[in-house]
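This document opens with one chain alone, in structure tokens, the form predicted alone.
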Amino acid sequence: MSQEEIGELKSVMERFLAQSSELIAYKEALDIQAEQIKKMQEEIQQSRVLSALGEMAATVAHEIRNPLAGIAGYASLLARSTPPEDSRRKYVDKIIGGISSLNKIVSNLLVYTRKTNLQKQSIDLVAWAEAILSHAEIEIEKEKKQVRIERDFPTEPLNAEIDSEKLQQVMLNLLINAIQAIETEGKIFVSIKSNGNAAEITVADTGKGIEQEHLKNIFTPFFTTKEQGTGLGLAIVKKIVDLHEGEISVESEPNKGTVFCIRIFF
């Protein structure tokens, strides 16, 4: 083979390799676009489902709350006319408790399905969290449990752009879940710190934990392992964190506890 032929072959190989590299780059770009399209389709489908659920929820709320209001009124009259020492009072209290549970289910359904707009402002997360923890400590007293809340907060203010009311709902939900996960005594650890381009809020407990097969479903609407659960609490948590364009993750081990970590980007 002559030098000229070798040079031509080398040139052809170089062009082939260059075109192969371009094809690989095109394929990678197409894979990324395909993934983005798939994600958009899933978001569109979820939006359609939520829209349908929203319409259904509004109808259900109307149809359920009207008779519930009447039942609640009669239950209140029964409670007034039935003294605590009366053996029948426990049944009246069960009725009132059931009404309260139904109202909570309807309210959670409306919160999850309705379109939510955030009212963001710069908030010191440390002061914000302290106010929420005071509510959690009241809940611990109500539950009559020996639960200690430990804090790991920065000494200086840590500001982030959040909807304080909506994110408060997230924190209270996680804290109440943590309290309920602890049988009689234990610890809840709450941490706030700056990590790179995000503020990290961690809620960890020493409770009964979550089975590994359930972890992937805990943010799924209507999925619950609780006897009295609605399956909407953590779904609402995920929705609010997503609206903040943040992230939430969970780690858990049965009989050792659960750790939730929220990341709110600066």
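Because the structure is predicted, anything quoted here is derived from the model rather than measured. Just count from 1 along the sequence shown to find any residue number.
Not on display, but discussed next: the form predicted in complex with a small molecule.
J.: Would L133 count as touching the small molecule in the model of the complex under a 4.5 Å heavy atom rule?
T.: Answer no; every heavy atom of L133 is more than 4.5 Å from the small molecule in the model of the complex.
J.: Taking any heavy atom pair closer than or equal to 4.5 Å as contact, tell me whether K104 reaches the small molecule in the model of the complex.
T.: Judged by the heavy-atom cut-off of 4.5 Å, K104 is in contact with the small molecule in the model of the complex.
J.: Do N108 and the small molecule share at least one heavy atom pair within 4.5 Å in the model of the complex?
T.: Heavy-atom contact with the small molecule at 4.5 Å: present for N108.
J.: Using the partner position in the model of the complex, report whether A181 sits within 4.5 Å of the small molecule, counting heavy atoms only.
T.: Yes, contact at 4.5 Å.
J.: Where does the small molecule sit in the model of the complex: which of 210 to 218, 27 to 35, 194 to 202, 63 to 71, heavy atoms within 4.5 Å?
T.: Heavy atoms within 4.5 Å of the small molecule in the model of the complex occur in 210 to 218.
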